[in-house]
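In C-alpha coordinates, one chain follows: the form predicted alone.
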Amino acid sequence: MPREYDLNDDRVVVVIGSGAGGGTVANELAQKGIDVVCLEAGGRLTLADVVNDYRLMNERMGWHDERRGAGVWLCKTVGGTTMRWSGCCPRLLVHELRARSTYGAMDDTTLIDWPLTLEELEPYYDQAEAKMGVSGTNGLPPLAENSHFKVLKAGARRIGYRDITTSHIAINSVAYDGRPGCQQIGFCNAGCAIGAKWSTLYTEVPKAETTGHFELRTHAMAIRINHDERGRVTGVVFRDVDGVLHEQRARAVCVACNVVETTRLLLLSESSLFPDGLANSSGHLGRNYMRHLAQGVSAIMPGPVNQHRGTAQTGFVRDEHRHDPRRGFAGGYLLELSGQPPFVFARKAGWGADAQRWMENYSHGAGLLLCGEDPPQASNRIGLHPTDKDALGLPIPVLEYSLHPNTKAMMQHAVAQGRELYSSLGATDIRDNTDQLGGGCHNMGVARMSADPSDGVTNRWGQAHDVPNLFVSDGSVFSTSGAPNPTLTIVALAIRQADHIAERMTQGTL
(Lines give C-alpha, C1' and ligand atoms only; values in the text may rest on other atoms or scores of the structure.)
Protein backbone atom coordinates (compact mmCIF):
# COMPACT_ATOMS: atom_id res chain seq x y z
CA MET A 1 0.00 0.00 0.00
CA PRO A 2 1.15 3.61 -0.56
CA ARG A 3 3.10 5.06 2.35
CA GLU A 4 3.06 8.50 3.92
CA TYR A 5 6.47 9.63 5.07
CA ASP A 6 7.23 12.23 7.70
CA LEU A 7 8.88 15.41 6.41
CA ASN A 8 11.77 14.80 8.81
CA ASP A 9 12.38 11.23 7.63
CA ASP A 10 15.87 11.56 6.20
CA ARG A 11 16.09 7.90 5.18
CA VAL A 12 14.08 8.48 2.00
CA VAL A 13 15.29 9.12 -1.52
CA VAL A 14 13.43 12.11 -2.94
CA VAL A 15 12.70 11.81 -6.66
CA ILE A 16 11.60 15.05 -8.32
CA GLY A 17 9.41 14.34 -11.35
CA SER A 18 7.37 11.26 -12.31
CA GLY A 19 8.04 10.96 -16.04
CA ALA A 20 10.25 8.53 -17.94
CA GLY A 21 13.29 9.09 -15.75
CA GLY A 22 11.72 9.96 -12.41
CA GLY A 23 8.89 7.44 -12.54
CA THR A 24 11.29 4.68 -13.56
CA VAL A 25 14.04 5.34 -11.01
CA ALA A 26 11.42 5.73 -8.26
CA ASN A 27 9.80 2.38 -9.05
CA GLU A 28 13.13 0.59 -9.45
CA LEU A 29 14.27 1.85 -6.03
CA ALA A 30 10.94 1.02 -4.36
CA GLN A 31 11.03 -2.50 -5.82
CA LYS A 32 14.40 -2.92 -4.10
CA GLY A 33 12.90 -1.95 -0.74
CA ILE A 34 14.27 1.60 -0.72
CA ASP A 35 11.86 4.24 0.61
CA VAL A 36 11.00 6.89 -1.99
CA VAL A 37 9.07 10.16 -1.93
CA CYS A 38 8.21 11.36 -5.44
CA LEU A 39 7.38 15.05 -5.85
CA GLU A 40 5.28 15.84 -8.92
CA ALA A 41 4.48 19.47 -9.81
CA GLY A 42 1.27 18.51 -11.61
CA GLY A 43 -1.84 16.53 -10.84
CA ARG A 44 -2.75 12.90 -11.39
CA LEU A 45 -5.06 11.95 -14.23
CA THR A 46 -6.82 8.64 -14.67
CA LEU A 47 -7.49 6.88 -17.96
CA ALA A 48 -11.05 8.19 -17.65
CA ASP A 49 -9.61 11.71 -17.87
CA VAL A 50 -7.85 10.95 -21.17
CA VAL A 51 -10.01 11.91 -24.14
CA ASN A 52 -9.36 12.03 -27.87
CA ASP A 53 -9.12 15.80 -27.99
CA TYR A 54 -5.68 17.38 -28.49
CA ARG A 55 -6.55 20.85 -27.25
CA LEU A 56 -8.38 19.65 -24.14
CA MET A 57 -5.58 17.23 -23.25
CA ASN A 58 -3.02 19.99 -23.69
CA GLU A 59 -4.98 22.00 -21.12
CA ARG A 60 -5.09 19.03 -18.76
CA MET A 61 -1.49 17.89 -18.95
CA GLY A 62 0.63 20.59 -20.61
CA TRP A 63 3.18 22.72 -18.78
CA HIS A 64 1.92 26.26 -19.31
CA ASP A 65 4.24 28.24 -17.03
CA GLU A 66 5.96 31.13 -18.80
CA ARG A 67 9.15 30.57 -20.81
CA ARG A 68 11.27 32.98 -22.82
CA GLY A 69 13.10 32.22 -26.04
CA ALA A 70 13.06 28.89 -27.88
CA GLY A 71 9.85 26.99 -27.13
CA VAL A 72 9.52 23.67 -25.33
CA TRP A 73 6.74 21.10 -25.28
CA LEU A 74 6.55 19.77 -21.72
CA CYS A 75 3.92 18.23 -19.44
CA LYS A 76 2.98 19.01 -15.84
CA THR A 77 1.20 15.84 -14.80
CA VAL A 78 1.95 12.43 -13.31
CA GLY A 79 3.69 10.59 -16.13
CA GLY A 80 5.28 13.75 -17.53
CA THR A 81 5.92 13.64 -21.25
CA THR A 82 5.31 9.88 -21.33
CA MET A 83 1.69 10.99 -21.58
CA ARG A 84 2.36 13.01 -24.72
CA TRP A 85 5.13 11.12 -26.49
CA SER A 86 4.64 8.92 -29.56
CA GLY A 87 6.42 5.81 -28.28
CA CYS A 88 9.39 5.67 -30.68
CA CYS A 89 12.20 3.62 -29.08
CA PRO A 90 15.27 3.18 -31.31
CA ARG A 91 18.60 2.56 -29.56
CA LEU A 92 21.71 4.69 -29.70
CA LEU A 93 24.51 3.24 -31.85
CA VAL A 94 28.20 2.85 -31.02
CA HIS A 95 29.33 5.95 -32.90
CA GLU A 96 26.74 8.11 -31.14
CA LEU A 97 28.19 7.29 -27.74
CA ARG A 98 31.71 8.04 -29.05
CA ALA A 99 30.93 11.14 -31.07
CA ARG A 100 34.13 13.05 -30.26
CA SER A 101 36.32 10.05 -31.11
CA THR A 102 34.32 9.25 -34.25
CA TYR A 103 33.63 12.69 -35.72
CA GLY A 104 36.75 14.46 -34.53
CA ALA A 105 36.77 18.11 -33.55
CA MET A 106 33.78 20.13 -34.80
CA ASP A 107 33.92 23.91 -34.78
CA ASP A 108 31.62 25.69 -32.32
CA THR A 109 30.73 22.51 -30.45
CA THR A 110 31.54 21.07 -27.03
CA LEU A 111 31.55 17.53 -28.38
CA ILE A 112 32.65 14.77 -25.96
CA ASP A 113 32.34 10.99 -25.72
CA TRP A 114 29.88 9.46 -23.29
CA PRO A 115 31.65 8.04 -20.21
CA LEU A 116 30.03 4.66 -20.79
CA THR A 117 29.91 2.23 -23.70
CA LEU A 118 27.09 0.68 -25.67
CA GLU A 119 28.17 -2.69 -24.33
CA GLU A 120 27.53 -1.44 -20.79
CA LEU A 121 24.19 0.07 -21.77
CA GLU A 122 22.78 -2.84 -23.79
CA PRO A 123 21.61 -4.99 -20.80
CA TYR A 124 19.64 -1.98 -19.57
CA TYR A 125 18.18 -1.40 -23.02
CA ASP A 126 16.98 -5.01 -22.82
CA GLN A 127 15.34 -4.36 -19.44
CA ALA A 128 13.80 -1.09 -20.62
CA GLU A 129 12.26 -2.70 -23.71
CA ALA A 130 10.76 -5.48 -21.59
CA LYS A 131 9.43 -2.95 -19.09
CA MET A 132 7.87 -0.76 -21.76
CA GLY A 133 6.46 -3.46 -24.03
CA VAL A 134 8.47 -2.29 -27.05
CA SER A 135 7.15 -3.83 -30.25
CA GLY A 136 9.35 -6.37 -32.02
CA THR A 137 11.28 -7.20 -28.83
CA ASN A 138 10.86 -9.84 -26.12
CA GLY A 139 8.62 -11.97 -28.32
CA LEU A 140 6.19 -9.13 -29.05
CA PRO A 141 5.19 -8.71 -32.71
CA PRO A 142 5.73 -5.47 -34.62
CA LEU A 143 2.88 -2.96 -34.65
CA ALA A 144 0.27 -3.35 -37.39
CA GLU A 145 1.04 -1.39 -40.56
CA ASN A 146 -1.64 1.24 -41.08
CA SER A 147 -2.23 2.83 -44.48
CA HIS A 148 -0.11 5.86 -43.62
CA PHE A 149 2.88 3.65 -42.84
CA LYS A 150 2.35 1.68 -46.04
CA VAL A 151 2.75 4.91 -48.00
CA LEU A 152 6.02 5.64 -46.19
CA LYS A 153 7.21 2.07 -46.75
CA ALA A 154 6.36 2.10 -50.46
CA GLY A 155 8.14 5.41 -51.07
CA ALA A 156 11.15 4.37 -49.02
CA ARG A 157 11.57 1.19 -51.04
CA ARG A 158 11.27 3.09 -54.31
CA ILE A 159 14.23 5.30 -53.43
CA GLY A 160 16.36 2.40 -52.26
CA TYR A 161 15.79 2.14 -48.50
CA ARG A 162 15.50 -1.30 -46.94
CA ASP A 163 15.59 -0.88 -43.14
CA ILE A 164 11.91 -0.05 -42.62
CA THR A 165 10.12 -1.24 -39.50
CA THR A 166 7.15 -0.99 -37.13
CA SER A 167 9.23 -2.52 -34.36
CA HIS A 168 10.81 -0.49 -31.55
CA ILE A 169 7.63 1.39 -30.59
CA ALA A 170 6.54 1.36 -26.92
CA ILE A 171 2.92 0.76 -27.76
CA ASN A 172 1.54 -2.70 -27.12
CA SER A 173 1.18 -4.59 -30.37
CA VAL A 174 -0.76 -7.21 -28.36
CA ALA A 175 -2.02 -7.28 -24.78
CA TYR A 176 0.99 -7.07 -22.45
CA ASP A 177 1.72 -6.35 -18.81
CA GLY A 178 -1.96 -5.93 -17.94
CA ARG A 179 -2.50 -3.38 -20.70
CA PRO A 180 -4.41 -3.90 -23.96
CA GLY A 181 -2.98 -4.03 -27.44
CA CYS A 182 -3.19 -0.92 -29.62
CA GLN A 183 -6.61 -0.32 -31.15
CA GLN A 184 -5.26 2.15 -33.74
CA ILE A 185 -7.22 5.07 -32.26
CA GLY A 186 -4.69 7.61 -33.48
CA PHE A 187 -4.62 10.23 -30.69
CA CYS A 188 -1.26 9.08 -29.29
CA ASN A 189 0.03 12.57 -28.49
CA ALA A 190 -3.12 13.39 -26.52
CA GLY A 191 -2.44 10.52 -24.12
CA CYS A 192 -3.58 6.98 -24.77
CA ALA A 193 -7.18 6.53 -23.62
CA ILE A 194 -6.81 2.74 -23.28
CA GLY A 195 -3.28 2.59 -21.87
CA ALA A 196 -1.70 0.65 -24.74
CA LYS A 197 1.09 3.23 -24.99
CA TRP A 198 3.64 3.01 -22.17
CA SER A 199 3.37 5.79 -19.62
CA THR A 200 4.63 5.89 -16.06
CA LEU A 201 1.16 7.15 -15.04
CA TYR A 202 -0.28 3.65 -15.22
CA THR A 203 2.86 1.47 -15.11
CA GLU A 204 5.77 2.58 -12.91
CA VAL A 205 3.86 4.76 -10.45
CA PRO A 206 1.11 2.28 -9.46
CA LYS A 207 3.66 -0.55 -9.38
CA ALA A 208 5.79 1.48 -6.99
CA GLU A 209 2.77 2.11 -4.80
CA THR A 210 2.18 -1.60 -4.34
CA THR A 211 5.63 -2.05 -2.75
CA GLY A 212 4.86 -0.14 0.43
CA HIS A 213 8.06 1.85 -0.11
CA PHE A 214 6.73 4.76 -2.16
CA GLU A 215 4.74 7.95 -1.72
CA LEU A 216 3.59 10.17 -4.57
CA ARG A 217 2.88 13.81 -3.74
CA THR A 218 1.09 15.68 -6.48
CA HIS A 219 0.93 19.46 -6.94
CA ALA A 220 4.27 19.53 -5.13
CA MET A 221 6.55 21.97 -6.96
CA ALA A 222 10.20 21.64 -5.93
CA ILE A 223 11.84 25.05 -5.65
CA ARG A 224 15.12 24.41 -3.87
CA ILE A 225 17.49 21.59 -2.87
CA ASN A 226 19.26 22.21 0.43
CA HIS A 227 22.69 20.91 1.44
CA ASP A 228 24.92 20.82 4.52
CA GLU A 229 28.35 22.34 5.09
CA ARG A 230 29.99 19.29 3.47
CA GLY A 231 28.08 19.87 0.24
CA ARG A 232 25.77 16.86 0.62
CA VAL A 233 22.08 17.39 -0.10
CA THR A 234 19.84 17.20 2.95
CA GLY A 235 16.36 17.89 1.66
CA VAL A 236 14.04 19.43 -0.92
CA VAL A 237 11.86 22.49 -0.39
CA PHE A 238 8.55 22.24 -2.24
CA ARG A 239 5.37 24.26 -2.58
CA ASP A 240 2.07 22.43 -2.08
CA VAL A 241 -1.23 23.05 -3.85
CA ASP A 242 -2.11 25.80 -1.34
CA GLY A 243 1.20 27.58 -1.81
CA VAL A 244 2.60 26.47 1.53
CA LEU A 245 6.32 25.65 1.63
CA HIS A 246 7.59 22.40 3.14
CA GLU A 247 10.97 20.67 3.29
CA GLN A 248 11.26 16.92 2.81
CA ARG A 249 14.48 15.63 4.34
CA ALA A 250 16.39 13.17 2.19
CA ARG A 251 19.20 10.63 2.10
CA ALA A 252 19.65 11.30 -1.60
CA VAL A 253 17.87 13.28 -4.32
CA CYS A 254 17.16 12.33 -7.94
CA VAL A 255 16.22 15.25 -10.20
CA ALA A 256 14.07 14.35 -13.22
CA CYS A 257 12.15 17.50 -14.15
CA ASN A 258 12.94 17.59 -17.89
CA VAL A 259 15.77 19.90 -18.86
CA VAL A 260 14.11 23.28 -18.26
CA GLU A 261 12.95 22.63 -14.72
CA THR A 262 16.01 20.53 -13.89
CA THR A 263 18.20 23.49 -14.82
CA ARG A 264 16.02 26.01 -13.01
CA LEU A 265 15.88 23.96 -9.80
CA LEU A 266 19.65 23.45 -9.66
CA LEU A 267 20.32 27.12 -10.42
CA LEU A 268 17.82 28.18 -7.74
CA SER A 269 19.67 25.96 -5.26
CA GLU A 270 22.78 28.16 -5.32
CA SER A 271 24.60 28.88 -2.07
CA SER A 272 27.88 30.24 -0.80
CA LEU A 273 29.38 26.80 -1.46
CA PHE A 274 27.81 26.63 -4.94
CA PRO A 275 27.46 30.27 -6.04
CA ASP A 276 26.71 29.43 -9.69
CA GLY A 277 24.09 26.78 -8.92
CA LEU A 278 24.11 23.44 -7.17
CA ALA A 279 26.70 21.04 -8.64
CA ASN A 280 27.90 23.65 -11.13
CA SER A 281 31.59 24.08 -10.41
CA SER A 282 32.28 23.24 -14.08
CA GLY A 283 30.01 25.99 -15.40
CA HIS A 284 28.28 23.49 -17.70
CA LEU A 285 24.91 23.48 -15.91
CA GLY A 286 22.27 24.71 -18.36
CA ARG A 287 24.68 24.59 -21.31
CA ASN A 288 25.04 22.07 -24.15
CA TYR A 289 21.25 22.03 -24.57
CA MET A 290 20.22 19.74 -27.45
CA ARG A 291 16.83 19.09 -29.02
CA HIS A 292 17.45 17.14 -32.28
CA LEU A 293 17.05 18.10 -35.87
CA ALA A 294 13.24 18.18 -36.14
CA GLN A 295 12.15 18.76 -39.70
CA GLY A 296 8.79 17.79 -41.12
CA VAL A 297 7.99 16.85 -44.70
CA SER A 298 4.33 16.59 -45.70
CA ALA A 299 2.63 15.80 -48.98
CA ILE A 300 -0.73 15.55 -50.68
CA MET A 301 -0.87 12.13 -52.30
CA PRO A 302 -2.83 11.11 -55.44
CA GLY A 303 -5.12 8.82 -53.41
CA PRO A 304 -6.59 8.60 -49.91
CA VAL A 305 -4.17 7.93 -47.04
CA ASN A 306 -6.28 8.74 -43.97
CA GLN A 307 -3.33 9.49 -41.76
CA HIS A 308 -5.64 10.00 -38.77
CA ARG A 309 -6.47 6.29 -38.70
CA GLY A 310 -3.99 4.32 -36.68
CA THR A 311 -0.96 4.88 -34.50
CA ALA A 312 0.49 8.36 -35.04
CA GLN A 313 4.09 7.13 -35.39
CA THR A 314 3.75 3.52 -36.45
CA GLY A 315 7.37 3.10 -37.49
CA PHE A 316 10.41 4.53 -39.19
CA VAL A 317 13.15 4.15 -41.80
CA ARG A 318 16.63 3.59 -40.36
CA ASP A 319 18.89 3.53 -43.45
CA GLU A 320 20.21 7.05 -42.77
CA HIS A 321 20.90 6.27 -39.10
CA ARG A 322 24.65 5.95 -39.56
CA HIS A 323 27.81 8.02 -39.72
CA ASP A 324 28.85 8.58 -43.31
CA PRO A 325 30.75 11.87 -43.83
CA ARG A 326 30.41 11.47 -47.61
CA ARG A 327 26.90 12.89 -47.16
CA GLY A 328 28.44 16.17 -46.00
CA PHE A 329 27.76 15.99 -42.27
CA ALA A 330 28.56 13.99 -39.15
CA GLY A 331 26.06 11.61 -37.56
CA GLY A 332 22.75 10.46 -38.94
CA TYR A 333 18.99 10.74 -38.83
CA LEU A 334 15.78 8.73 -38.86
CA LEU A 335 12.77 9.14 -41.14
CA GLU A 336 9.81 8.67 -38.81
CA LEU A 337 6.16 8.41 -39.73
CA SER A 338 4.29 11.43 -38.39
CA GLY A 339 0.50 11.35 -38.41
CA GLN A 340 -0.88 14.83 -37.81
CA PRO A 341 -4.31 16.15 -36.84
CA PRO A 342 -5.98 18.47 -39.40
CA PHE A 343 -5.12 21.73 -37.63
CA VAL A 344 -1.41 20.80 -37.69
CA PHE A 345 -1.44 19.49 -41.25
CA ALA A 346 -3.11 22.64 -42.58
CA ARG A 347 -0.36 24.84 -41.13
CA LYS A 348 2.06 23.39 -43.69
CA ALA A 349 0.51 25.70 -46.27
CA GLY A 350 0.32 28.79 -44.08
CA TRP A 351 -2.94 30.71 -44.29
CA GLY A 352 -5.66 31.64 -46.75
CA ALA A 353 -6.77 29.69 -49.82
CA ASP A 354 -3.66 27.50 -49.84
CA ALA A 355 -4.30 26.34 -46.29
CA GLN A 356 -7.94 25.75 -47.14
CA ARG A 357 -6.91 23.53 -50.05
CA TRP A 358 -4.64 21.51 -47.79
CA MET A 359 -7.41 21.12 -45.24
CA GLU A 360 -9.81 19.95 -47.95
CA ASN A 361 -7.21 17.36 -49.02
CA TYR A 362 -6.48 16.14 -45.51
CA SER A 363 -7.64 12.62 -46.34
CA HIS A 364 -4.89 12.49 -48.99
CA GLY A 365 -2.22 13.89 -46.69
CA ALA A 366 0.94 12.08 -45.56
CA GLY A 367 3.80 13.20 -43.40
CA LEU A 368 7.10 12.23 -41.86
CA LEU A 369 9.44 13.66 -39.26
CA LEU A 370 13.17 13.80 -39.88
CA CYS A 371 14.84 13.28 -36.51
CA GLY A 372 18.61 13.71 -36.43
CA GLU A 373 21.66 14.27 -34.27
CA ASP A 374 22.15 17.71 -32.79
CA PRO A 375 25.72 18.48 -31.62
CA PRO A 376 26.15 20.19 -28.22
CA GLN A 377 27.01 23.89 -28.22
CA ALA A 378 27.86 25.98 -25.19
CA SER A 379 25.76 28.80 -26.65
CA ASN A 380 22.64 26.61 -26.65
CA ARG A 381 21.65 27.02 -23.05
CA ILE A 382 18.96 27.47 -20.44
CA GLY A 383 19.25 30.19 -17.82
CA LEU A 384 17.12 32.34 -15.55
CA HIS A 385 15.77 35.81 -16.33
CA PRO A 386 17.57 38.34 -14.12
CA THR A 387 14.40 40.20 -13.08
CA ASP A 388 11.17 38.72 -14.44
CA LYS A 389 9.33 36.12 -12.37
CA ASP A 390 6.44 33.76 -13.06
CA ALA A 391 3.15 33.35 -11.19
CA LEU A 392 4.93 31.35 -8.47
CA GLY A 393 7.45 34.12 -7.92
CA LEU A 394 10.29 32.11 -9.50
CA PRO A 395 12.68 33.48 -12.15
CA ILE A 396 11.42 32.74 -15.65
CA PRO A 397 13.55 30.24 -17.61
CA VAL A 398 15.20 31.66 -20.72
CA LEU A 399 16.10 29.27 -23.56
CA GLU A 400 18.68 30.08 -26.21
CA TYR A 401 18.94 27.70 -29.14
CA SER A 402 20.18 27.80 -32.73
CA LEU A 403 21.01 25.14 -35.30
CA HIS A 404 24.63 24.18 -35.82
CA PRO A 405 25.97 24.17 -39.43
CA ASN A 406 26.27 20.38 -39.23
CA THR A 407 22.57 20.17 -38.37
CA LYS A 408 21.69 22.48 -41.26
CA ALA A 409 23.67 20.29 -43.68
CA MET A 410 21.93 17.20 -42.32
CA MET A 411 18.56 18.93 -42.68
CA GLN A 412 19.22 19.76 -46.32
CA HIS A 413 20.05 16.12 -47.07
CA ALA A 414 17.12 14.77 -45.06
CA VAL A 415 14.58 17.08 -46.66
CA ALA A 416 15.78 16.12 -50.13
CA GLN A 417 15.33 12.44 -49.25
CA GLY A 418 11.87 13.05 -47.80
CA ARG A 419 10.76 14.98 -50.85
CA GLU A 420 12.14 12.30 -53.17
CA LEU A 421 10.30 9.64 -51.18
CA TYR A 422 6.92 11.27 -51.71
CA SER A 423 7.70 12.36 -55.28
CA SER A 424 8.36 8.72 -56.17
CA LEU A 425 4.71 7.97 -55.36
CA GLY A 426 3.29 10.85 -57.41
CA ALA A 427 2.64 13.39 -54.66
CA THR A 428 0.86 16.47 -56.03
CA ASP A 429 2.23 18.93 -53.46
CA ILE A 430 5.12 18.59 -51.01
CA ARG A 431 6.02 20.97 -48.20
CA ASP A 432 8.80 20.95 -45.62
CA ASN A 433 8.49 22.80 -42.35
CA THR A 434 10.95 23.09 -39.49
CA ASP A 435 10.40 22.21 -35.86
CA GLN A 436 7.33 20.07 -36.30
CA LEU A 437 7.74 18.75 -32.75
CA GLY A 438 6.18 21.96 -31.45
CA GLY A 439 9.47 23.24 -30.07
CA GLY A 440 11.82 21.36 -27.80
CA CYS A 441 10.23 17.96 -27.30
CA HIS A 442 13.39 15.82 -27.36
CA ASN A 443 15.19 17.80 -24.66
CA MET A 444 18.73 16.74 -23.75
CA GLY A 445 21.95 18.04 -22.26
CA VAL A 446 22.31 20.81 -19.59
CA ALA A 447 23.71 18.43 -16.91
CA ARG A 448 25.67 16.09 -19.10
CA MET A 449 27.69 13.05 -18.12
CA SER A 450 31.45 13.40 -18.49
CA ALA A 451 34.53 11.42 -17.56
CA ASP A 452 36.33 14.66 -16.69
CA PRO A 453 34.41 16.74 -14.08
CA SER A 454 35.46 19.92 -15.89
CA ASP A 455 33.54 18.79 -19.01
CA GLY A 456 30.12 18.21 -17.46
CA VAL A 457 27.88 18.08 -14.41
CA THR A 458 27.40 14.35 -13.73
CA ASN A 459 29.42 11.15 -13.94
CA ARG A 460 28.66 7.88 -15.74
CA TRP A 461 25.87 7.10 -13.24
CA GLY A 462 24.16 10.49 -13.51
CA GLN A 463 25.65 11.34 -10.10
CA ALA A 464 26.74 14.96 -9.68
CA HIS A 465 30.51 15.36 -9.76
CA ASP A 466 30.27 17.94 -6.97
CA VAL A 467 27.57 16.40 -4.75
CA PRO A 468 27.83 12.68 -3.93
CA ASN A 469 24.16 12.13 -3.03
CA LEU A 470 22.63 14.17 -5.86
CA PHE A 471 21.61 12.43 -9.08
CA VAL A 472 20.09 13.62 -12.36
CA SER A 473 17.70 11.07 -13.85
CA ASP A 474 16.33 12.57 -17.07
CA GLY A 475 17.59 13.52 -20.53
CA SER A 476 19.68 16.29 -19.02
CA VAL A 477 22.54 13.78 -18.60
CA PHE A 478 22.94 13.03 -22.32
CA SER A 479 26.53 13.74 -23.37
CA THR A 480 25.45 13.94 -27.01
CA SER A 481 22.01 13.58 -28.56
CA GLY A 482 22.46 10.84 -31.15
CA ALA A 483 19.61 10.55 -33.63
CA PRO A 484 17.13 8.30 -31.74
CA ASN A 485 14.18 9.59 -29.75
CA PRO A 486 15.57 9.83 -26.20
CA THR A 487 12.97 8.11 -24.00
CA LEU A 488 14.23 4.53 -24.27
CA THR A 489 17.73 5.67 -23.32
CA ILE A 490 16.36 7.75 -20.41
CA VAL A 491 14.56 4.67 -19.06
CA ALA A 492 17.61 2.43 -19.53
CA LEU A 493 19.83 4.95 -17.72
CA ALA A 494 17.28 5.28 -14.90
CA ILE A 495 17.24 1.49 -14.35
CA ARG A 496 21.04 1.49 -14.35
CA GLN A 497 21.15 4.43 -11.95
CA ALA A 498 18.77 2.73 -9.52
CA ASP A 499 21.03 -0.34 -9.46
CA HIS A 500 23.99 1.90 -8.65
CA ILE A 501 22.17 3.77 -5.87
CA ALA A 502 21.00 0.51 -4.30
CA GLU A 503 24.51 -0.95 -4.45
CA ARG A 504 26.03 2.12 -2.84
CA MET A 505 23.41 2.04 -0.10
CA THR A 506 24.21 -1.60 0.58
CA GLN A 507 27.89 -0.72 0.78
CA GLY A 508 27.11 2.13 3.17
CA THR A 509 28.69 4.75 0.90
CA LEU A 510 25.45 6.66 0.25
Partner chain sequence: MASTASVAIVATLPGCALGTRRDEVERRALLRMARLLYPHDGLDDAIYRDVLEPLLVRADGDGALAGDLRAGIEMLDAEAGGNWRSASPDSQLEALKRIEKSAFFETMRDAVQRALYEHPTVWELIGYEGPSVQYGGYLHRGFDDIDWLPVE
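Positions refer to the first chain, counted from 1. Small disclaimer: the values here were computed from a predicted structure and weren't measured.
There is another form of this protein, the form predicted in complex with the partner chain, and it is not shown here; the text below is about that form.
- Message: Check for me whether the partner chain, as it appears in the model of the complex, comes within 4.5 angstroms of all of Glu145, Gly310 and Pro341 - heavy atoms only.
- Response: The answer is yes: all three residues contact the partner (heavy atom, 4.5 Å cut-off).
- Message: Using a 4.5 Å heavy atom cut-off, which of 205 to 213, 154 to 162, 86 to 94, 272 to 280 contacts the partner chain in the model of the complex?
- Response: Among the listed stretches, the partner-contacting one is 154 to 162.
- Item | Interface residue in the model of the complex among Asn306, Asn433, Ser167, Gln127, criterion: non-hydrogen atom within 4.5 angstroms of the partner chain | By the 4.5 Å heavy-atom cutoff, the listed residue in contact is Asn306.
- The single option of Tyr401, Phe187, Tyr103, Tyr176 touching the partner chain in the model of the complex, heavy atom within 4.5 Å: Only one listed residue qualifies here, and that residue is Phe187.
- Query: Do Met411 and the partner chain share at least one heavy atom pair within 4.5 Å in the model of the complex?
  - Reply: No, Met411 sits far enough from the partner chain in the model of the complex that none of its heavy atoms falls within 4.5 Å.
- Message: Residue-level question: is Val415 within 4.5 Å of the partner chain in the model of the complex, judged on heavy atoms?
- Response: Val415: no contact with the partner chain in the model of the complex.
- Considering only heavy atoms, tell me if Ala353 and the partner chain come within 4.5 Å of each other in the model of the complex. Yes, contact at 4.5 Å.
- Can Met359 be called a contact residue for the partner chain in the model of the complex at 4.5 Å between heavy atoms? Result yes; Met359 sits at the interface with the partner chain in the model of the complex.
- Message: Given a 4.5 Å distance limit between heavy atoms, list every residue of 164 to 184 close to the partner chain in the model of the complex, or none if there are none.
- Response: Read in sequence order, the residues that approach the partner chain (within 4.5 Å, in the model of the complex) are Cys182, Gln183, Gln184.
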